[in-house]
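Here you get one chain, nothing else, as structure tokens; it is the form predicted alone.
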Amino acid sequence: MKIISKGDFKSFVNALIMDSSLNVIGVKSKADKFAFGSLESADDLIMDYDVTLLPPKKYFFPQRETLVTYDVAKGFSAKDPVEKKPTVIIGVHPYDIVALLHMDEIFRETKSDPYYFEKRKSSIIIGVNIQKMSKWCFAAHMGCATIDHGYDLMLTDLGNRYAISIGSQKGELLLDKYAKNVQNALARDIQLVGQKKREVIAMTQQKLDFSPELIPELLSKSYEKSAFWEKHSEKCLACGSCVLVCPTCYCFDVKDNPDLSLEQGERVRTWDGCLLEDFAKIASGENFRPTRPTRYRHRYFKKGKYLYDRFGFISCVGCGRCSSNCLPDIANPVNLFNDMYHETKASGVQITPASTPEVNIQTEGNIDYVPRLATIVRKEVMTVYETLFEIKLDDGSELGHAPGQFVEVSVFGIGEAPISISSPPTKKDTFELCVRKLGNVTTKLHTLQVGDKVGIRGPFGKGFDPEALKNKDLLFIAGGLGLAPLRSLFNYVLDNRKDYGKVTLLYGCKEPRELLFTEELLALTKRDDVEYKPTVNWCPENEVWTGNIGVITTLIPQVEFNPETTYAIVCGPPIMYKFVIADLKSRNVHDDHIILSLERRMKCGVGKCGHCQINHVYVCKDGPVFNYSKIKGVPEAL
């Protein structure tokens, strides 16, 4: 530990500012509030603030950030390189340092986010122990009011001087190069720092009535208490302020921003929040978190349960920003958790700390946000709303997908959308996408012609496992556009027919004119190794239909199968699943013999943006193909 006078510390800060190779950030006053901003002089720096408006995460995960640039003539490319100045951030409170450590783990998992880490690695964090505490702060109760790692330098105010704890070689080199008259701390200085830290713990005005170790278990026992969540969310404005100021929120949206010529533009990501009404809405209009209570509940579960199960930490650091920014004053976690604790205790339910989760964080390279350029080589209009596109990657490579995976398809200037791959891996050189015209991206895609260019990212997600299904009887159940992702596995099975047992396809849609892949389906009627049964919900008077009339479940009693050897592969509109599963269960099909493909708003494809999250599951990387036995008890899944 080192000691520096406040005068020499000011000279140290000014020396940093004078070095043009550094970007120096510090806490500054903003009216009667405080905010991180660029320093022009050490006189601007305030170290005894209570809390900043926004956390320092904005320097690593900005509110608006360019991911990709594009030129219609040249294709997509990574954002233009900019000068990577090391950023020195001065005056970071311990709870915000803990939050950055949490963000590090989140942005590292599965695929590392290079945009976040290029800034993180070039940063130098100079923390300061809290001197004044916001009335909303409860960091002490979350174990985040003090910290002994995660910083490069940590300051403690000792009156006319600062004690400096050195946390990294970067911090030590910075101090050696720019600071003068730095002395070794004496024993009494070290003792005084310990006393100051204890004083911080005692500052808090917000107090949990229980140990935070109970939070994951408390939440688990409160999920189904709809009256509790309705009571606490009754005044929620769904404005998203609480999550937008949170130092550990990481949800984002991705949009294209074309220039006036429409020939060039950029793809940007912006902060988003799960409290916003359309956050969990998918292209077909279904919203898997449609009400204020469910969205309000998700916010608390994500921080206190889902991230705990995934990473082993409760991702609330007790900064209090959510409470101070909530207009109806309902976002205070302390009030909610205390109320939850006392209600649960009063009901006689035993509350014990949650078992420590097994955390196994793995990273497989970096996320590549830059799409590969591809060309439409065939376009086939199938219905009024669906068109089949055959696509070839311009670099000559194969897509390399598994049945059931999806790709992110980019249309210049419009954006990116997840589309399931309709063709099997046995189809080489090109791949097929069956696209329904719904949103901006898919509507524009329908106007493109053979020879036009698109961007492709992926393939993403976990698909079907054809190896595990070998020698099994397969019952395919497809509703509407659900036939498109099932077709990738179905055609793979037909291409390797001898490896599989009995194959049955049940396919339903609203009316005959909505049938997809009609020629392929007609060919199935001439095969003796496949049973095919179609149905429509209704048939208009002017159309000819000789097949079954009724919803998809009316076909299940018409087929014979052995539930011990049969695997049901199901895909269709969300409303279809619970009825199909119920009918399969009535035929004694085992839970682990039911395989489902789920649809969600998969914006990033790698479990970062949060839009496809259903409870603790990220559909884009944990799915979209799931064994029913694995998600049977997961609310919001079906």
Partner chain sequence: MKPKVAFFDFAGCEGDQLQIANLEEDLLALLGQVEVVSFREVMKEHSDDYDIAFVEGSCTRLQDEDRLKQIRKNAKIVVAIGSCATIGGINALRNYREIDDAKRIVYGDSANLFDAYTARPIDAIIPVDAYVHGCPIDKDEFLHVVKSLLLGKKPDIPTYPVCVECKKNENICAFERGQFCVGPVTRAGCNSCCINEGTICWGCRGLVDNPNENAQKEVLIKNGLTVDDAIKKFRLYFGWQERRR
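All values derive from a computational prediction rather than experimental measurement. Positions refer to the first chain, counted from 1.
Missing here is the form predicted in complex with the partner chain; even so, the following discussion is about that form.
> Report the stretch among 104-112, 244-252, 163-171, 527-535 that approaches the partner chain in the predicted bound form to within 4.5 Å, counting heavy atoms only.
Going through the listed ranges, the match is 244-252.
> Can any non-hydrogen atom of residue 590 be found within 4.5 angstroms of the partner chain in the predicted bound form?
No - in the predicted bound form, heavy atoms of residue 590 and the partner chain never come within 4.5 Å of each other.
> Can any non-hydrogen atom of residue 324 be found within 4.5 angstroms of the partner chain in the predicted bound form?
Residue 324 belongs to the contact set for the partner chain.
> Verify the contact flag for residue 362: yes if a non-hydrogen atom of it lies within 4.5 Å of a non-hydrogen atom of the partner chain in the predicted bound form, no if not.
It does not: once the partner chain is placed as it appears in the predicted bound form, residue 362 has no heavy atom within 4.5 Å of it.
> Determine whether any heavy atom of residue 577 comes within 4.5 Å of a heavy atom of the partner chain in the predicted bound form, and answer yes or no.
So residue 577 does not count as contacting the partner chain.
> Which one, 35, 47, 67, 42, lies within 4.5 Å of the partner chain in the predicted bound form by heavy atoms?
Checked against the cut-off, the match is 35.
> Please tell me which of 562, 356, 270, 347 lies within 4.5 Å of the partner chain in the predicted bound form, judged by heavy atoms.
The residue in contact is 270.
> Using a 4.5 Å heavy atom cutoff, which residues in 219-252 contact the partner chain in the predicted bound form? It's fine if the answer is none.
234, 235, 236, 237, 238, 239, 241, 244, 245 sit within 4.5 Å of the partner.
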